[in-house]
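Coming up, as structure tokens: structure 1 and structure 2, two forms of one and the same protein chain.
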Structure 1
Amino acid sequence: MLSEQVYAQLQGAIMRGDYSPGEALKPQDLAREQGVSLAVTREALVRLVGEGLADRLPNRGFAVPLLSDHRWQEIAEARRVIEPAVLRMSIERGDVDWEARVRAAHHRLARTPAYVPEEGEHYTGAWAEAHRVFHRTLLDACGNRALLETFDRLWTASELARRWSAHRDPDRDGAEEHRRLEEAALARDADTAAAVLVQHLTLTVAALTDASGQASP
């Protein structure tokens, strides 16, 4: 399906920061660039709006969302509310296969360089993906599709907001927090794991919104 390809391409471009926040996404231009018809780009854009990756201004077309600092903090708070609870369920229910996948995901994350000189000031695409997979894997033994879909949605919004947050903090990748998270999860220590996760989320949002922008290990 053509619209699927266009959707994937656009999603990647927006998440990668190829467009600035607020920038118009003109169906005609996109159609010409990708060599497809208006209907196809239109469908992709409508889907993007549904996922929160584009805004729709009635009769004024589509645009990359403008994320306020406030919105970013709301998303972070939502994650602090939901993810620890899901993590507890996951730790409760996970089997050996899950443990193995957590180890694998953490290993990949720890060994993937977060920043490389030539890719600008942001972390690499490979690290972003490894980061997502690690957090997703931690939760996915909860076995509840509705909760995991909620996680996916919040993660996407979170990454988009983070991409454009005022204060980028290249020194912070939370490696130590990830290590403690893996450790607590595999030890089935739900209290510690939940606490570390809350701290991780709190520090991340703090590093990206505070004027001080404190670095962390």
Structure 2
Amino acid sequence: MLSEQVYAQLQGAIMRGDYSPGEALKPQDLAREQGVSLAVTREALVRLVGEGLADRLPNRGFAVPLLSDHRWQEIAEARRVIEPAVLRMSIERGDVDWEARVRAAHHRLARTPAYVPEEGEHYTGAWAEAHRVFHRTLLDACGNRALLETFDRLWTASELARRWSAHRDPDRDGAEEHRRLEEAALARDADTAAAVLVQHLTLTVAALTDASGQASP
């Protein structure tokens, strides 16, 4: 499907930083570059808007989201409200197969380097995917597709901020935070798991908002 191909190409370009924060995404130019119709391009752009990877501007078309503290604080607030509740449901409903998937996802994340010289100062694509899979797996036993789709949208929007920021906090032990999440989830300790997740999300948004003023694509 052409719109799916255009969407995938634009998503990858935005996440790689090929477009700067706030840069216009002009449907006519994109359609010409991609060799597709304007309707196909607009369909892909509307999908990107729905995922938080583009903004729709009144009478001005589309643009890459601006990197602002307020934007990411809103996303983080939504995640802190939704994800701990979904995690509690997942811990309550998850079976042994879910436990095995959580353990495997954490193992992959722990063994994947976050930074390698050939990918520069930003964290690696492999680590980003392992990170997403771990957090998604923690929640996927909740059994509620609408909640998981909400997580997916919020994650994508958060991931854009993380990709743009090369900020590293030397005092933060993210690996230990993930280990504690896995441990509490597999122990079926919903209260601890939810508390660890809230702290994890709070530290993440603090790092992103601290760096947003100087982050570059």
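What we label the rigid core is the largest C-alpha set whose atoms superpose within 1.5 Å from one form to the other. Note that this is a predicted model, so its numbers are computed, not measured. Residue numbering: structure 1 sequence, from 1.
- The form predicted alone is structure 2, not structure 1.
- Comparing the forms between structure 1 and structure 2 on their rigid core, the Cα displacement of R180 stays under 2 Å.
- Once the cores line up, the CA of D29 ends up 2 angstroms or more apart between structure 1 and structure 2.
- Positional change of R153 between structure 1 and structure 2 stays under 2 Å at the C-alpha, relative to the superposed core.
- Taking the core as the reference frame, the CA atom of R56 shifts 2.6 angstrom between structure 1 and structure 2.
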